[in-house]
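The chain below stands alone and is given in C-alpha cells; this is the form predicted alone.
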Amino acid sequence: MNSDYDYAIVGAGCAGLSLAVRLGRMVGRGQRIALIDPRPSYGMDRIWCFWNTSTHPFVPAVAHSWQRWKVRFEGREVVQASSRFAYHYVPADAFYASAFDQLEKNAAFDLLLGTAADSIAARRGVAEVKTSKGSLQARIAFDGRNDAKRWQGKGILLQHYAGQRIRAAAPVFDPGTVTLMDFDVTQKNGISFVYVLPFSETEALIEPTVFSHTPLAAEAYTDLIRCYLNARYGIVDYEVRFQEQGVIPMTTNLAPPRRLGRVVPLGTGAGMVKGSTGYGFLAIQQWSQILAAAAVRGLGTRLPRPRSRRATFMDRVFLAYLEACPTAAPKIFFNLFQRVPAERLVRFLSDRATPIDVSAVVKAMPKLPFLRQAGDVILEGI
C-alpha cells in the first residue's frame, strides 16, 4: 500500500463516490487520491430518489422516472403532477457502475476496496488514516463513513425504513404514479406511512417508513409489507426481487466546517440529507462540486453553508412540531400536498424554494402551533 497521498476519501458510498468523480476531474497532474471502503465489491444494495431540480454527473444512472405522485390519508388521495420536475429513481448498481467506470479510467486513483478505515485524525500537518491494511497519510482526508448505529439512543428523531421490490402475479399497480406517503396504515410504531414506487403493473418497491427514536426489528418491516400488499392490493403471493433497509437522522445539527480542514465530513454526517424529508442525492452532488473545488484551492478555503439559514430554520421548526405533535403529522403532510402547487412544493422539499414558494408552504401550515414551535426554536438558539 502506498502511504502518501494528496487526498484520501474514506467511504465509497454515494457521497464518497460523488466527491471522487468531481475531484478526479480537477486534480493536477501527478496528484494521488486514495479511495477507501471495506466492501470488496458492489452490487444492488439501495436506491436514491429525488425530483430533477438540478443537473448531476450520474444522469445515465437514472433508471426510471414519474411525473405524477400522490399522498393518501383517511381514505382520501391528493395527486400532483409536473412535466418540469420528474421524480427520478437511481438504483445503486447503476450508480456504482457509472462512478467506477469514471474512476477506473483515472490514473490519479488508488481504489483500496476491501479495506476498512479504523480511524482518521489530523496529526503533524497531515491527515492520518489507519486501515485494516496499514496506515496512510494525505494532505486532506474526507470522511464519508456512515454507521447508522451512531444516531441511535441519542434522542434524535429517526427516519427508518425497509423496502422490498416485489413482483405480483396479477397487474395491480398504477405504473404512472408514485405513492410518496400512504398514511392509512398502523401508527402504533410512530409516524408511519408506506412508500410505493411502481415500475410496471406487476412490479413495485413497497417501503414502510417510520419516524420515531428507535428502528424496528427487520421482521417487523417485512410484516408491514405483507399486510399492506394484502390490504391495499389483495396480494398474498409475490416474488421479492430486492431489499433495502436504512436509518436517516432527522436533525439540523449536522453540518460541515466553515473552512476546509485536514479532516472533512461527508454525506449524512455533514448534513447533506435534509432532516425533514430524508432527501440528499442532489445536495450531495452540489456539495461535491463545491468541496472538490475547495480542496484544489487548499486548506483554509472558506466553505459556504450547504443549506440556507431560512431552510435550516424551517426544518428545525417542522421537526420540533413532529416531536411535539406526532399524531397530527399525517394530516399536515396531506395538507401540504393538497394546498401547495406541485412545483412550488417540489422546490421547497428540494431546498430550492423561492420566497413565494416558502410563503405558499407557510400558508398551508396550522398557524398557531407552528408559531409556538418557531418561538421555541428561536429561544433555544439564544
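Predicted, not measured: the structure shown is a model, and the values here were computed from it. From 1 onward, residues are counted along the sequence shown.
The form predicted in complex with a small molecule is left out here; the points below concern that form.
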**Study point:** Contact assignment for the small molecule in the model of the complex, among L224, I140, A311, A117, heavy atom within 4.5 Å
**Key:** A117
Review point. With the small molecule left out of view, which of Y238, F211, Y279, F85 would have a heavy atom within 4.5 Å of it in the model of the complex?
Key: Y279
Revision key, fill the gap. Per contact check vs the small molecule in the model of the complex (non-hydrogen atom within 4.5 angstroms), the hit among 350-358, 46-54, 327-335, 25-33 is 46-54
Check your understanding: How about A292: is it within 4.5 Å of the small molecule in the model of the complex, going by heavy atoms?
Key -> no
Check your understanding: So, in the model of the complex, is D37 in contact with the small molecule at a 4.5 angstroms heavy atom limit?
Key -> yes
Check your understanding: Contact between G246 and the small molecule in the model of the complex at 4.5 Å, heavy atoms?
Key -> yes
**Study point:** 4.5 angstroms heavy atom contact with the small molecule in the model of the complex for T268
**Key:** yes
